[in-house]
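Only one chain is given next, in structure tokens, and it is the form predicted alone.
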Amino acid sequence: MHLSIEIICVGTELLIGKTLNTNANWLAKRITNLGAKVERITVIGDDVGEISSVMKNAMQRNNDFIITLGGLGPTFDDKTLEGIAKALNLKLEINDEALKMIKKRYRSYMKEGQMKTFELTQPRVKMARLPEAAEPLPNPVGTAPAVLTNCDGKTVISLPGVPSEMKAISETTVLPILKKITGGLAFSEKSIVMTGVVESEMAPIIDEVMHNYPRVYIKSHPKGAERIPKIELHLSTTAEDPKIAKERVSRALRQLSERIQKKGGKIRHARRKI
């Protein structure tokens, strides 16, 4: 099944350049490897009105999942769930299951000696205030649970912004959900680094190969100046069978390499980045 996903990153620190948005990069890569497609990534600040507005727009687009990153903690600037509730016309209410998760986590902190006493303060209770009928998802390494909300045929999953927490929840809960839906679609990719041919001369070659292999997407990434051309070419595709996906990319790469060499270019294979 083709699965389309939109990612919304919440955090003023991302907009002012204080924090590099590694969460979106990490998650988008793993979603793509499952054969799903990330249609859009949006970055917004910690503002209820902005979160609500972006969420409303996302709900109008034809995507299966909307995943938000950040803004689930106990402080004043953690406003993601409030914005989602406003956008979906849902009430925020204390979720008993989420509250149990939070109590259990703080008790474990006490046993580990990280805290001497535990009091259920309002900032801590805040992390259990979820949109009505939402489902809390366990956080294996942090306090605030993730949240799954179903509305109008779409699923909204809200993950914490702390990278270790986001990754843990994604690997234990979110990615398995997506993998089950995609039904084992396979993503295949290969990259080469080419020198000796400028990007403007590569354009018609890329067009030709993509015309011959319409299911293979080719993206050029210039690594040098126009005078000293060095270009990474990334080829990717998705198929129901891993062998078909791999073979499709290999054939396109073979033709691309032949065209480049005829132009006098040199090629080396690039290392895959995880």
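No experiment lies behind these values; they were computed from the predicted model shown. Numbering starts at 1 and follows the sequence shown.
Keep in mind that the form predicted together with a further copy of the same chain is not shown, yet the notes after this line are about it.
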query	finding
Candidate stretches 149-157, 177-185, 89-97, 67-75 - the one whose heavy atoms come within 4.5 Å of a further copy of the same chain in the predicted bound form	67-75
Candidate from 59, 48, 239, 210 lying within 4.5 Å of a further copy of the same chain in the predicted bound form - any heavy atom	210
Contact at 245, 250 and 267 by a further copy of the same chain in the predicted bound form, all three, heavy atom at most 4.5 Å	no
Proximity of residue 203 to a further copy of the same chain in the predicted bound form, heavy atoms at 4.5 Å	yes
Touches a further copy of the same chain in the predicted bound form: residue 124 (any heavy atom, 4.5 Å)	yes
Residue contact check: residue 82 to a further copy of the same chain in the predicted bound form, 4.5 Å heavy atom	no
Partner contact for residue 14 in the predicted bound form: a further copy of the same chain, 4.5 angstroms, heavy atom	yes
In the predicted bound form, residues of 144-174 near a further copy of the same chain [heavy atom within 4.5 Å]	162
